[in-house]
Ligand SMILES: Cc1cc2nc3c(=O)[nH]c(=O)nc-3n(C[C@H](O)[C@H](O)[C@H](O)COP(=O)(O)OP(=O)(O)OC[C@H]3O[C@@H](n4cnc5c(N)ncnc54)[C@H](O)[C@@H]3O)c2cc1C
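Quick setup: one chain, the form predicted alone, written in structure tokens, and binding and motion questions come after.
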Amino acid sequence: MSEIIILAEVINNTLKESTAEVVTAALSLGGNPILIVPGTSPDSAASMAATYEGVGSVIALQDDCFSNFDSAAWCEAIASVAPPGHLLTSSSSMGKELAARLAVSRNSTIIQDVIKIEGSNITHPIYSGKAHETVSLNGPSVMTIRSNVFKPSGNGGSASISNVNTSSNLRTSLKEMVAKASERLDVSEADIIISGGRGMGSPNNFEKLYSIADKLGAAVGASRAAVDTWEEIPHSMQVGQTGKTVNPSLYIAVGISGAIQHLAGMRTSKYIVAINKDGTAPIFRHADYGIIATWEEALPILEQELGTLLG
């Protein structure tokens, strides 16, 4: 089933009321949509977005580029975390420009000023509003939703929030991640697991995980994909439905896409951090904090920052 993604309209880190209308429109397509909230400091707006009824999960997308509107930069950041599927946003002038760029980057159909959704049938005005056209979806699309047409969503929801940072300054991003973890955990007593997936590239690279684990007093785990791919990674390290179920205070997933079998074994962890070069990986929708980066870029800095935090 194709994902349904909502791009919130956020101005100066403030969530616009029009987003609640887009949520209602998205629910007409079915499922529990993913709501992306972009900003330089999106926490407050994301918390509000998480209350919209019907929303499945919220991605608080942080990047310095959102300080000023640049549709090219915004499109690049949003595209890095938005999975394939239908994407909906507000029909503001900014929303329309951004939607057009996103449609090109996603190789999707674009439908502007949608006023009605009935299953796969989408209605929008044409000829400067003199007529309405109804089209039938047969693939991924990007839509802008006309304001004051759909009833705003209620505020009885409690969707999970994932923080994903796409900023170019990786050290600053990791410092922020560590700071947020310290707010949630008594790290002096925290049990920690750092797990690697096939994204580590080679079983020899797990030595980087062991190096961090030794300094933090952590255990090293692995995904099923890593265990199945490399004989050097034993089944005893596997975390997941067919491996071990773990419940640490801090779980760090490196190069793990987040298959449902792996999530089944670690999703009850108190605080989950994901590091993956693919921003659309499912693990980001279940992590408390995500960093889009390769393990080569992130692990040396993470080791330093966690070492400082844990003393």
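Heads up: residue numbers just count along the shown sequence, starting at 1. Since the structure is predicted, the reported quantities are computational estimates derived from the model, not experimental observations. We call the rigid core the largest set of C-alpha positions that still match within 1.5 Å between the two forms.
As for the form predicted in complex with this ligand, it is not shown, yet the points below apply to it.
Using a 4.5 angstroms threshold between heavy atoms, Ser257 counts as touching this ligand in the model of the complex. Residue contact with this ligand in the model of the complex: Tyr289 places no heavy atom within 4.5 Å of it. Though the partner is left out of this view, Ala60 does not reach within 4.5 Å of this ligand in the model of the complex, counting heavy atoms only. When this ligand is considered in the model of the complex, His86 lies well away from it, no heavy atom lying within 4.5 Å. Contact with this ligand in the model of the complex holds for all three of Gly199, Thr242 and Lys277, each having a heavy atom within 4.5 Å. Between the options Ala293, Leu15, Leu302, Val23, the residue in contact with this ligand in the model of the complex by a heavy atom within 4.5 angstroms is Ala293. Between the options Gln261, Ser249, Ser28, Asn32, the residue in contact with this ligand in the model of the complex by a heavy atom within 4.5 angstroms is Gln261. Contact with this ligand in the model of the complex, defined as any heavy atom within 4.5 Å, is confined among 209-217, 114-122, 232-240, 140-148 to 232-240.
If you fit the rigid core between this form and the one not shown, you'll see the Cα of Phe284 move by 2 angstroms or more. Comparing the forms between this form and the one not shown on their rigid core, the Cα displacement of Ala298 reaches 2 Å or more. Once both forms are fitted on their core, a CA shift of 2 Å or more is seen for Gly197 between this form and the one not shown.
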